[in-house]
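In structure tokens, the next block holds one chain alone, the form predicted on its own.
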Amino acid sequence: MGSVMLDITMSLDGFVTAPDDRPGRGLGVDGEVLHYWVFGGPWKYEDYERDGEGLKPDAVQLDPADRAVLDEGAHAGAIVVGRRMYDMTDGWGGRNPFGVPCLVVTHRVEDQPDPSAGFVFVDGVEAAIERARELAGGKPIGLGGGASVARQALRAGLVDEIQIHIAPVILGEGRTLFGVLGERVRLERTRVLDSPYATHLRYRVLR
């Protein structure tokens, strides 16, 4: 059975978005700094508007540590995300960008897009992870957030590993990852990788 890894980027002070995150600007105002590590340096949402195919990590020069982390993500057999993340990205332009099934946690499953888009809408995080395991064929499952679905999965004891990419910035405000979780989660650190744009921390969740 594939393990579940929560994989998300946050600022040093614990925010996964800057203020005013909205469709088309899901990281908020000047929130692109959180994902400099994904694109090899500074970028802006306007770059997407200028390039019809959008920015692609494969097309930029990345730090070796950042490249290794991104390449590892390609081994997932399925991805689970929250409805807010789906909406903030406008459904990634209408097509699943991950190359594996993408399960969207939502109470509005009737909004399910055409299956050819590569998304599966599921009501509830537990049901979504169960369905992801069926589709992943024994491979790991990536839990991509956002913050709400991450907290739900942690509270339900569904997360086996946590990988946090800490961007070297204090945002001061925005959407926090853990907030008041209400649960104590014991962790064992298993890896640290550094690059100019992120410190990649991996933990095993202790049962």
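Don't overthink the numbering: it's just position in the shown sequence, from 1. This structure is a prediction, so every number in the text was calculated from the model and none was measured.
There is another form of this protein, the form predicted in complex with another copy of the chain, and it is not shown here; the text below is about that form.
*Asks:* So which of Val149, Val69, Ile141, Ile162 reaches within 4.5 angstroms of another copy of the chain in the predicted complex, heavy atom to heavy atom?
*Replies:* It is Ile162.
*Asks:* Have a look at Pro64, Gly182, Gly41, Gly157 for me and say which one sits with a heavy atom within 4.5 Å of another copy of the chain in the predicted complex.
*Replies:* The option sitting close enough to the partner is Gly182.
*Asks:* Any chance Leu201 has a heavy atom within 4.5 Å of another copy of the chain in the predicted complex?
*Replies:* Flag for Leu201 set to yes.
*Asks:* Does Ala153 reach another copy of the chain in the predicted complex if we count a contact as any heavy atom within 4.5 Å?
*Replies:* Contact check for Ala153: no, nothing within 4.5 Å of another copy of the chain in the predicted complex.
*Asks:* So, in the predicted complex, is Gly24 in contact with another copy of the chain at a 4.5 angstroms heavy atom limit?
*Replies:* Taking the distances in the predicted complex, the answer for Gly24 is no, it never comes within 4.5 Å of another copy of the chain.
*Asks:* Report whether the minimum heavy atom distance between Val60 and another copy of the chain in the predicted complex is within 4.5 Å.
*Replies:* Contact with another copy of the chain, no.
*Asks:* Is any part of 189-207 within 4.5 angstroms of another copy of the chain in the predicted complex by a non-hydrogen atom, and which residues would that be?
*Replies:* If the 4.5 Å heavy-atom criterion is applied to another copy of the chain in the predicted complex, 189-207 yields Arg189, Val192, Asp194, Ser195, Pro196, Thr199, Leu201, Tyr203.
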